[in-house]
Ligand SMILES: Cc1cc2nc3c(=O)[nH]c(=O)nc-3n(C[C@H](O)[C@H](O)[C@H](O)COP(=O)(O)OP(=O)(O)OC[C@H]3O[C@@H](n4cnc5c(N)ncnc54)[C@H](O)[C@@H]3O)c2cc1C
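The chain below stands alone and is given in structure tokens; this is the form predicted on its own.
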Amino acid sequence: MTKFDADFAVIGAGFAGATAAWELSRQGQSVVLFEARDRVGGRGFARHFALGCDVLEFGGAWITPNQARVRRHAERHGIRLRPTAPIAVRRWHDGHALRLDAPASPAAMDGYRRTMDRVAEDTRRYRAGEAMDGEGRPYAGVSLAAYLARVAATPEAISQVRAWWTISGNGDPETTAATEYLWSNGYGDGDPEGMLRHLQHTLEPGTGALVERMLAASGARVHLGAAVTGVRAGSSGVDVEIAGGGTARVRGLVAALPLNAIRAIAFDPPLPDRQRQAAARGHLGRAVKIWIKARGVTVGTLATGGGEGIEWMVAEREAADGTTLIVGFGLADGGFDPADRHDVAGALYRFFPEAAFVAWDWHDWVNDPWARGTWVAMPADAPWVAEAGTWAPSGRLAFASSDYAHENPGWIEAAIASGERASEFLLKQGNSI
């Protein structure tokens, strides 16, 4: 009889992995979890601001009203839902100048409205399940840049669409699917402002705290600093190989990994062709998220546009020292260096020229070896790389991640749902594995 180190192994201690461990353990299965980092949480990452005692989210954080799974786990494990600040003040950068009255000059407003009305119409059609626009052209296979050219978007409209793209599509507009924006835009019935109105809560004391409590309650044996280098699946079990030596033998395995991190693991036998191609191609999520501490900025101020660098900023809340904490998003396109004080201060002053810059902090997800990107952004010419069907489980192996979840990819809720599905698959296999 084969001797197992545990019934199941989980690779990755993000929300997908923690959920898989939770679900397997509560069905009486023993679970061992391997996490390459020295912490749990994955791309949910809350920590203290570099200069101060405020705990901030440097990865995914927002919770929407209909995300019941994460809300249930938060309630179960004593995590508070912190309401986001309502938007009280609005600013726009039209690509040329900061505006406090409207997204475009009076002379350009008609063209701006025509563009945004057309985008809203396409959003409603796409969210209703229609594959074609009113002129019979497909939504699929079109990059954001190509889509904006198709609708003859004005420069002012492009400036605003790009700003909201940094928190939706978050990839190169020339290669990332426009449907990423249309879907997110649908939270406001075609109005991009609705995206933010939909982002109603964050977690306190943080996403990582919820993952920690989920794993503690599961009873899974968690190994930090344990990067998995290989997975060998045979007729009698799965061998999990750890960097620096050591293996674990289990009945089945959940690979709860971001899409762009899968390629770092050697699978034996090799993954099916479609999965290998998807892992090699990866997704295009390349957002930059920064936190800025400043004086003289009103909490609840939202500023968008500009077309470069940090294109979206909101004054999120007051810091413990009375300054304002501002979160900003842009694209990692080489034109803005989030590690450079001059670049970050310039981004602040473009939206808030009256501000006094104090400090900033960020995390580089694009070069993080265990993430290799931010939230999922599908290539326009290969959306299948992040489709749930591409990552269907088989035999002793199941995949789980917000990147390729069946429901609303990219969200914490999606990661939890994918962990549930992966564990359900392995449990249904029963004695066959």
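Quantities reported herein were computed from a predicted structural model and do not represent experimental measurements. For every residue, the number given is its place in the sequence shown, counted from 1.
The same protein also has a form predicted in complex with this ligand, omitted here; what follows describes it.
In the model of the complex, none of the heavy atoms of residue 215 sits within 4.5 Å of a heavy atom of this ligand. Not displayed here, this ligand is kept clear of residue 385 by more than 4.5 Å at the level of heavy atoms in the model of the complex. Not displayed here, this ligand is kept clear of residue 9 by more than 4.5 Å at the level of heavy atoms in the model of the complex.
This ligand is not shown here, but in the model of the complex it comes within 4.5 Å of a heavy atom of residue 258. Of the residues given (74, 228, 348, 104), 228 alone sits with a heavy atom within 4.5 Å of this ligand in the model of the complex. The putative spot formed by 92, 306 and 331 is not touched by this ligand in the model of the complex; no residue has a non-hydrogen atom within 4.5 angstroms of it.
Segments offered: 366 to 374, 391 to 399, 22 to 30, 47 to 55. Contacting this ligand in the model of the complex at heavy atom distances within 4.5 Å is 366 to 374.
Along 19 to 48, these residues reach a heavy atom to within 4.5 Å of this ligand in the model of the complex: 34, 35, 36, 37, 41, 42, 43, 44.
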